[in-house]
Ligand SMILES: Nc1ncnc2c1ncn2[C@@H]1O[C@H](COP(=O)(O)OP(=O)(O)OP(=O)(O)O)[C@@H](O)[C@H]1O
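Before any questions on binding or motion, here is one chain by itself as structure tokens, the form predicted alone.
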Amino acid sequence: MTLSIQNLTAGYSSGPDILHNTCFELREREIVTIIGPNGAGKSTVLRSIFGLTDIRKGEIIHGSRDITSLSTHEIIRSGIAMVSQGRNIFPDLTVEENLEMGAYTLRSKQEIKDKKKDVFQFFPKLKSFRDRHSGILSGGERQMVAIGMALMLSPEVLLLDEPSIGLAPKIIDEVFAKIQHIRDEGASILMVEQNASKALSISDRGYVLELGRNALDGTGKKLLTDPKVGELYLGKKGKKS
């Protein structure tokens, strides 16, 4: 098991609990998607794994290591990277400088150079933009930069928060194809995504979260064909009796 989240209850600072005894599993080389309505706590799951919430109960296990109480810096070093909602990049820096920022835990200049080469091979378009300031790029290009920053550390687990938000349909297809490629290269991916139909279609498994609690889970295919999931989250109307 790459990542196991058991009976997780979490929130922010002194506020109320957002997650209530939630459980998730991410296996090696899987894509797992969490869907649900706004306010269900989906992003809080990812932020909890990444050390950005107040965990009040439960545990998060990465491999054989308990990472529940680790700092974000320690979690990154353990092999977990996250691409936050809204493409968290540095708009005043060039594409290449952003990638270097993503490699801030690396000490070897040669290793950073090699990792940039890998990212440019993975996203050839970024290589031609390497000297451009990231703030002038399109939404899809900025998303590539954000994912590229995360890939600089060759994570075992990649957390993606709404990777398709604000993107045109054609670009969404490109981003999801890249997500599959990242999985094929060896990473495990846990994703939160409002485009439930698209996300579940490439997912090995999925979870439905409602009001911070597990509601449903199953294979991506099973959830895609579940009438309740279809009506509530995929825009499919139920048949009239």
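Remember, predicted model here, so these are calculated numbers, not experimental data. A residue's number is simply how far along the shown sequence it sits, counting from 1.
Heads up, the form predicted in complex with the ligand isn't pictured, but that's what we're talking about next.
Heavy atoms within 4.5 Å of the ligand in the predicted bound form map, among the stretches 171 to 179, 39 to 47, 197 to 205, 60 to 68, onto 39 to 47 alone. Residues Tyr12, Ile18 and Gln85 are all found to lie within 4.5 Å of the ligand in the predicted bound form, as judged by heavy atom distances.
The closest non-hydrogen atom of Glu162 lies within 4.5 Å of the ligand in the predicted bound form.
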